[in-house]
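The form predicted alone is given below as one chain in structure tokens.
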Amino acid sequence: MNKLKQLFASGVALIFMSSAAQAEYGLNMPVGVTETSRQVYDLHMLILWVCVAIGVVVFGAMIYSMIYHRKSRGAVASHFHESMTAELVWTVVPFIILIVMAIPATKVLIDMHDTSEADMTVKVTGYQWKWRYEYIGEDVSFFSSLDAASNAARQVGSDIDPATVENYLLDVDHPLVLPVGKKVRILLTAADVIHAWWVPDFGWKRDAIPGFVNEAWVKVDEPGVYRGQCAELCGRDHGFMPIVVVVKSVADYEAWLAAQKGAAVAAKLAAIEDLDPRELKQKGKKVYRANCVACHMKKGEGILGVFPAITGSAVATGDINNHINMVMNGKAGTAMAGFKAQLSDVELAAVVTYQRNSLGNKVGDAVQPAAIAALR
């Protein structure tokens, strides 16, 4: 008995000690930060209570019948056949219930797919394993990949504890930035396999399918940072393809957009300048760690039988033109994707130079951004 009391006391103490953790725990779906998400939540609650009411009536009738009309109390079952009244009731009542649920559900679905009268348009393209955001009409585009800290911590053999990385696997290097209170039309497609763009706080998810364009829209009412993930199994690194949306005030968004345009102009100017091979190697290391390390590994050793090594490979130590072509255009029929659209001229020149003069290779040559630009 004493042990039972001790066990009960320990359980009560554990409940009180974990109250802080339970404050974040909930069984219901979140409300979200958009009108769409609130409509979905309200619809969910309506259907839930309709189902609760049906359950109360059905199970209530069953329980009442089992208690007051059981055989032990002398109840005798009635015998009837082809009752028109019964058939009308169990046909008409479910029909009315379905209509009651279908009308608000249809309205919400129509609103979710109405992309008209948008204030701006962003094209989202899924790649293995990153997103490309293009601001239509603004000449601004960039790729969004898993942030460097999470990417380093998730590598096999890494000495970084993932628990020490803030927002582990849910942070990116370049988030999508949107203005608050503006209706943004989202165009979704993919360059390789099927992906799915999903931010739970927005209240919807859309597939990104190669050769097809899906539409959606979002209007966020509260500035903040909202996180999501690719919700389609898109390959071996599917779990490392997060989405981060930063919603700013209109003034802050305009300032950010102007800065992006300035950076794009600076990048174009940098692409026509010759860079020191040492600078190319330094830049190339960062590009390699962000784009190549998942398959070819940190030291260029690759994965035997799956992904070829960079160290000592015929491509990385052979003709530089073949090497450039491989990095830019990939290799058909293999997992080697082309990075022509994903990386800038400077980044392509840097990563090729890095691969040829690092990771155990010492070819001694280099490629300049201008040479890459000439091949586009």
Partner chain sequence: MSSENAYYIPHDAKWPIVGSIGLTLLLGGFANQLNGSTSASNVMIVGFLILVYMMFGWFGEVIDESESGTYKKVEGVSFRMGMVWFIFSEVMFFAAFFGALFYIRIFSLPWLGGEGSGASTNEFLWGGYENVWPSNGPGEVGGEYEKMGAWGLPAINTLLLLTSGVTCTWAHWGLVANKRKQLIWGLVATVVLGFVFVGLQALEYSHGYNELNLTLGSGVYGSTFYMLTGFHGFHVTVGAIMLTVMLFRSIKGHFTPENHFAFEAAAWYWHFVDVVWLGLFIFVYWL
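Note that this is a predicted model, so its numbers are computed, not measured. Residue numbers count along the first chain shown, from 1.
Omitted from view is the form predicted together with its partner chain, to which the following refers.
In the predicted complex, its partner chain sits beyond 4.5 Å of every heavy atom of residue 184. In the predicted complex, residue 136 approaches its partner chain with a heavy atom inside 4.5 Å. Mapping the unseen interface onto this chain, residue 262 falls outside it, with no heavy atom inside 4.5 Å of its partner chain in the predicted complex. Of the heavy atoms in residue 123, some are within 4.5 Å of its partner chain in the predicted complex. Heavy atoms within 4.5 Å of its partner chain in the predicted complex are found in one stretch of 251 to 259, 217 to 225, 274 to 282, 184 to 192, which is 184 to 192. Of all the residues from 209 to 241, those having a non-hydrogen atom no more than 4.5 Å from its partner chain in the predicted complex are 211, 212, 213, 215.
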